[in-house]
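Starting off, we have a lone chain in the form predicted on its own, written out as structure tokens.
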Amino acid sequence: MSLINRSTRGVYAIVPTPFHPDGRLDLDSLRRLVDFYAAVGVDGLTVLGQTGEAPKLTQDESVEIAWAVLDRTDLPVVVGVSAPGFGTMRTLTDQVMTRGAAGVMIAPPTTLRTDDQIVGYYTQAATALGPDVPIVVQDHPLTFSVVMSVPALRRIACETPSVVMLKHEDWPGLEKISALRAAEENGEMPRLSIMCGNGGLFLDFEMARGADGAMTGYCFPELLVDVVRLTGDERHELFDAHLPLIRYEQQPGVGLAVRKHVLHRRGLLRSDAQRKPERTLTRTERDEVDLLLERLARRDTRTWL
């Protein structure tokens, strides 16, 4: 399986972790999801991120999920390995890279505040994992309360060759993409692959600003594939049709429940269960999502359920 690098492009779908209603892992649904993502044309997969409920998993379960996905697909797979200590991070990294992972994703500890702290943390992480492990830096201040400035990211790109990709989820963040690309053009930093998250909420303009693709988990990944590959009005027209559902799915705290509800309706998940603690949809919220699905299907017939 090929490794990610600083020129990686396309759509890397964030894979949610399926559970049975009693909280057990549902590996049959996981394999069905993996097959589905490949069928709709994504370029890679990402597992064990925040949307994958990684903090709710044991170390053994994390390995079991990663291996199940790696054994099921030839697509490149990025594995989230964030952990409080580098020892745990290195153990999981060794286990998944040996099995064929394409790279690992690391979120920052919530205690980081200054540029020096952020740069130092990723320098230490890269040293702990070794120079041959490609690293994705997850930049999501709304979740982690860590603000990664453009100067800090420039320094990481220059000083840590194994950091090859930025998972860009700053919000608002369009100007950050433009600033990073300008820094590359001016010779101030080497190129980084920039893959965008936030459920695709800004993906149409992020692509226009110079992003390389999406690394996120919208419940219709077909749309993400189209937005990355299309240009101009065609891109915007299709994106606009999905925007109400994308917006609803991006609500903090409830977004994963929306996503799993739709994936369950699509026949991909046996259950829309999350592992506790969870936030389930109310009956009213389910009705609202179903209304959005009905309205979307009038403009994109692929979404009929």
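Quantities reported herein were computed from a predicted structural model and do not represent experimental measurements. All residue numbers are counted from 1 along the displayed sequence.
In what follows, reference is made to the form predicted together with a further copy of the same chain, a form of this protein that is not presented.
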property: Heavy atom distance at most 4.5 Å to a further copy of the same chain in the predicted bound form, all of 68, 95 and 271; result: no
property: Location of a further copy of the same chain contact in the predicted bound form, chosen stretch of 185-193, 222-230, 148-156, 95-103 [non-hydrogen atom, 4.5 Å]; result: 148-156
property: Listed residue that, although a further copy of the same chain is not shown, lies within 4.5 Å of it in the predicted bound form (heavy atoms), from 27, 243, 38, 63; result: 243
property: Residue contact check: residue 174 to a further copy of the same chain in the predicted bound form, 4.5 Å heavy atom; result: yes
property: Exercise: residue 85 in contact with a further copy of the same chain in the predicted bound form, heavy atom 4.5 Å; result: yes
property: Exercise: residue 236 in contact with a further copy of the same chain in the predicted bound form, heavy atom 4.5 Å; result: yes
property: Partner contact for residue 116 in the predicted bound form: a further copy of the same chain, 4.5 angstroms, heavy atom; result: yes
property: Partner contacts in the predicted bound form for 55-69 (non-hydrogen atom within 4.5 angstroms of a further copy of the same chain); result: 55, 56, 57, 58, 59
